[in-house]
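Here's a solo chain for you in structure tokens, the form predicted on its own.
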Amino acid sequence: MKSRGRHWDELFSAKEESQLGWYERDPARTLEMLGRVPGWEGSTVMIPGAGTSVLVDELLARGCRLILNDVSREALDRLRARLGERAGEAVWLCCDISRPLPEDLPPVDLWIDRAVLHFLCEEVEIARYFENVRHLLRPGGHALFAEFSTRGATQCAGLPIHRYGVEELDRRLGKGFRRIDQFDHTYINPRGEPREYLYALYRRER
């Protein structure tokens, strides 16, 4: 059976960034939600499933310190090449986000997940993912999720999807998190196809 990392390596190797089904030219919706977080610029940020996202460039331009995770080494290599000298400003982490994270990572102010969590379909993987959120995100920090909504597609990139509503996100995060904002968003992928997303922002209270 093909590993998760190999699956994504092959997808990233096959096409240019702008041709990938999840390519987002403008991360305005994510930046709009971050506007609800006081003083977020200059924060320490964890991005699981960073891929080759242009959000990385936007956050670096705003003085953020980044931990960039992806299961695909091909994606991280391409992102590192694009960033050039700025690549040295980030911590690079090639691993499955549903596995325990290295103990030496610093606490983060922001956890930003655009379309990674919904690829975890096994209960044990989902539970470990949220353990990582609680382990790394400091009290007072914020977590932003952009996942396929309950009205969204059931598959993406040849893989099954676990779709989310805010009720499940609330439950998975637990009582230590307070939901700040949410909205539905229809993303139009490079093939012109609509994809229904849920954006939800949380503050960790304790």
Ligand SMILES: C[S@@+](CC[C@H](N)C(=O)[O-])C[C@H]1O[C@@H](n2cnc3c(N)ncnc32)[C@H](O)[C@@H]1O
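Quick note: we count residues from 1 along the sequence shown, nothing fancier. What you see is a predicted model, and the numbers here were worked out from it, not measured in a lab.
This protein has a second form, the form predicted in complex with the ligand, left out of what is shown; the following refers to that one.
Novice: What stretch, of 164-172, 137-145, 36-44, 49-57, brings heavy atoms to within 4.5 Å of the ligand in the predicted bound form?
Specialist: Only one stretch passes the 4.5 Å heavy-atom test: 49-57.
Novice: Mark W111 yes when one of its heavy atoms lies within 4.5 Å of a heavy atom of the ligand in the predicted bound form, and no otherwise.
Specialist: No, no contact at 4.5 Å.
Novice: Is the gap between V71 and the ligand in the predicted bound form 4.5 Å or less for some heavy atom pair?
Specialist: Contact check for V71: yes, within 4.5 Å of the ligand in the predicted bound form.
Novice: Indicate whether D96 is a 4.5 Å heavy atom neighbour of the ligand in the predicted bound form.
Specialist: Contact with the ligand, yes.
Novice: Tell me, yes or no, whether L120 is in contact with the ligand in the predicted bound form, where a contact means a heavy atom of each within 4.5 Å.
Specialist: Although the ligand is absent here, L120 would touch it in the predicted bound form, with heavy atoms inside 4.5 Å.
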